[in-house]
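Presented below, as structure tokens, is a lone chain in the form predicted on its own.
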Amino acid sequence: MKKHWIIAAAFGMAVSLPALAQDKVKLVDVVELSGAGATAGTNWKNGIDLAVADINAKGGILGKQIEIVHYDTQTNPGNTRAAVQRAIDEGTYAVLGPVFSGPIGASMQIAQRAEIAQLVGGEAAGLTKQGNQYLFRTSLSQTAAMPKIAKYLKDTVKAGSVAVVWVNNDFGKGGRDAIIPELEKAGIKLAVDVATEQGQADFAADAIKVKNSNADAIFVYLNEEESARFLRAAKQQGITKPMVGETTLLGAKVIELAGDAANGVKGHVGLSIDAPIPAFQEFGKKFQAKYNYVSDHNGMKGYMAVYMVKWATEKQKKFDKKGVADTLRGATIKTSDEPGILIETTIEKNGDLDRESFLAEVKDGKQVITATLPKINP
């Protein structure tokens, strides 16, 4: 059977400066470069390439240049499993990716059995509840984000009822299952529970359901393209109630695709180049200069993933695959020790993260940060 590997980019070092194999450390990125996850995966890949270029330009990790290889999973769980196994067979130092929670869940046991750290972009709460000591997030989980959103809906939006719109995949179901209990704790009624499909093109019927629910606010938890389509459908149906989301709904790609329909959207974001943190803004400028578009949170997550591997390696002062996971687990990476991490980040024992996050609103086609929220355990 023909395999659909696509090696999108292979070397993060100048080809005019050949080096012996022992002078390199190989990282394999297993990511969605086509299919439903292409937007998120491409941002993730580009963030990784930017970090590799930066690190190699400064001498690499412990004197070794990084060789980066990307394998396209086509957003297919089966392809993802095969790609992770191939990465390990080829001697990757750590596995980077994927981004979508479903393919992560389908592949994470392979890296676990090999005792190799896997740094992923997925946010589904269930991923880190399975006791996998080698899985590490690069973003806040839904478990960390949803209580902040429920509090925002109660205290700021003053919502007594909320319509929940979610995509029926591991990412969306995880978000739906995490937000509903938090709404209940906050005393907010679930007005209507609307499941949609990944890749769905027409959201008119869903928007009508939401409108007829007469909810005080709408919580939207869909992938990038679907978020934009729902916002346009909601605008066409004349829905004027507050539209609230978590990171994806306020992302650059959604704002680009939704146009005017994105204005007024509010919510919580874990990472944003618009946050009042100079390192975030500097990353955003470098990313846009290299790729000619604005990075979303996935670009930042990919960038940080490489620096997490670099920090752990330099912390243990040697190249030890198992040691990367052992060093990351339970650590706090400060920007004073590793500027590439961009923001102080605590890695919980189960691979979840704790760090500051932000409230944001889309105004005039731009994401504007309105507040900075503290770490859960400062």
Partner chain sequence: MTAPATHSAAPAARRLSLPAFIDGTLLTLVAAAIILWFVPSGMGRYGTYVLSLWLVMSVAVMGLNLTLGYAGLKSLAQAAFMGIGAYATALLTSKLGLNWYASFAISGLLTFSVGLVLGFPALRVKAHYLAFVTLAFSTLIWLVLRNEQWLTGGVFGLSNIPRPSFFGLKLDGALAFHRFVVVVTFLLAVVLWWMIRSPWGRAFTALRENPIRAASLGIDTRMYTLLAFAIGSAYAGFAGALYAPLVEFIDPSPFSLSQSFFLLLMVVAGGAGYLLGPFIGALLGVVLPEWLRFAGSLYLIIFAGIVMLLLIACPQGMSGLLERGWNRLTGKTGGSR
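Here the structure is a predicted model, which means the values were calculated and not measured. Residue numbers count along the first chain shown, from 1.
There is also a form predicted together with the partner chain; it is not shown, and the following applies to it.
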Residues Asn76, Ala106 and Asp177 all lining the partner chain in the model of the complex, heavy atom within 4.5 Å: yes
Gln288, Gln236, Thr240, Asn168 - the one with a heavy atom within 4.5 Å of the partner chain in the model of the complex: Asn168
Interface residue in the model of the complex among Glu197, Asp193, Asp155, Asp260, criterion: non-hydrogen atom within 4.5 angstroms of the partner chain: Glu197
Contact test in the model of the complex: Lys211 vs the partner chain, heavy atoms, 4.5 Å: no
Touches the partner chain in the model of the complex: Lys185 (any heavy atom, 4.5 Å): no
Exercise: Asp206 in contact with the partner chain in the model of the complex, heavy atom 4.5 Å: no
Partner proximity in the model of the complex: Gly102 to the partner chain, non-hydrogen atom cutoff 4.5 Å: yes
Option from 244 to 252, 86 to 94, 295 to 303, 223 to 231 whose residues, in the model of the complex, bring a heavy atom within 4.5 Å of the partner chain: 86 to 94
